[in-house]
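Only one chain is given next, in structure tokens, and it is the form predicted on its own.
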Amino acid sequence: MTSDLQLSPTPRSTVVRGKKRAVEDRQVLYDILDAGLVCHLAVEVDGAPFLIPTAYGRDGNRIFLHGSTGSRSIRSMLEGKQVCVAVTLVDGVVYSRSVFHHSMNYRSAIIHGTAKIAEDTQHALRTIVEHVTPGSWDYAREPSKKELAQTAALEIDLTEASVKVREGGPGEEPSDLEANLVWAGHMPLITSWGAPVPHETDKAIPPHVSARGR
């Protein structure tokens, strides 16, 4: 029996290339989604592929997305068309003794499925806001009725997903290792928040903002 925390690949979510980097632990999928801020959402619109970079939020085994009710891509998704969502975190670059083996260290997740209208729009939007800007939902003004009417909140189930992770140093050809003519290794990529920049206000920076940089 498959564990709730184990990915159960379908034919289209089975990793074919780079199988050794495939991860079957569903918790790793959740960790990647929780660490990311932007996903890329792919859907067919009027017979052509359409790709949207957008914010998202995870709640259990589903993610929430939002968009304009007038968006062509949103309308296409609500017609029941299949969608694909990708999140990639770059952790560093890899230098090999051969340019062929230069690479990146990364964590990536790809989700397949269909999107549907979220049952609770307020909860979906709160999840997205709290994922991207923690503490903001209870601090800032909530959406008005007019703003809610202009917003479509969607959810996508995370059951059909694949995860790949690469870490560590380069792969090398034996002849390059033996010759050892150039330096090889990897360089971690570290990101951090800068200091908050106020927008035309004399208000003190709230703790949920100032604490994030620390």
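Start at 1 and count along the sequence shown; that's the residue number. Note that the structure is a prediction, hence the values are computed from the model and not measured.
Not pictured, yet referred to below: the form predicted in complex with another copy of the chain.
With a 4.5 Å cutoff on heavy atoms, Ser76 does not count as touching another copy of the chain in the model of the complex; it lies far away.
Proximity of Tyr30 to another copy of the chain in the model of the complex falls outside the 4.5 Å heavy atom cutoff. Residue contact with another copy of the chain in the model of the complex: Ala124 places no heavy atom within 4.5 Å of it. Using a 4.5 angstroms limit between non-hydrogen atoms, Val90 touches another copy of the chain in the model of the complex.
Contacts between 147 to 170 and another copy of the chain, taken as any heavy atom within 4.5 Å in the model of the complex, involve Glu147, Gln150, Thr151, Gly169, Pro170.
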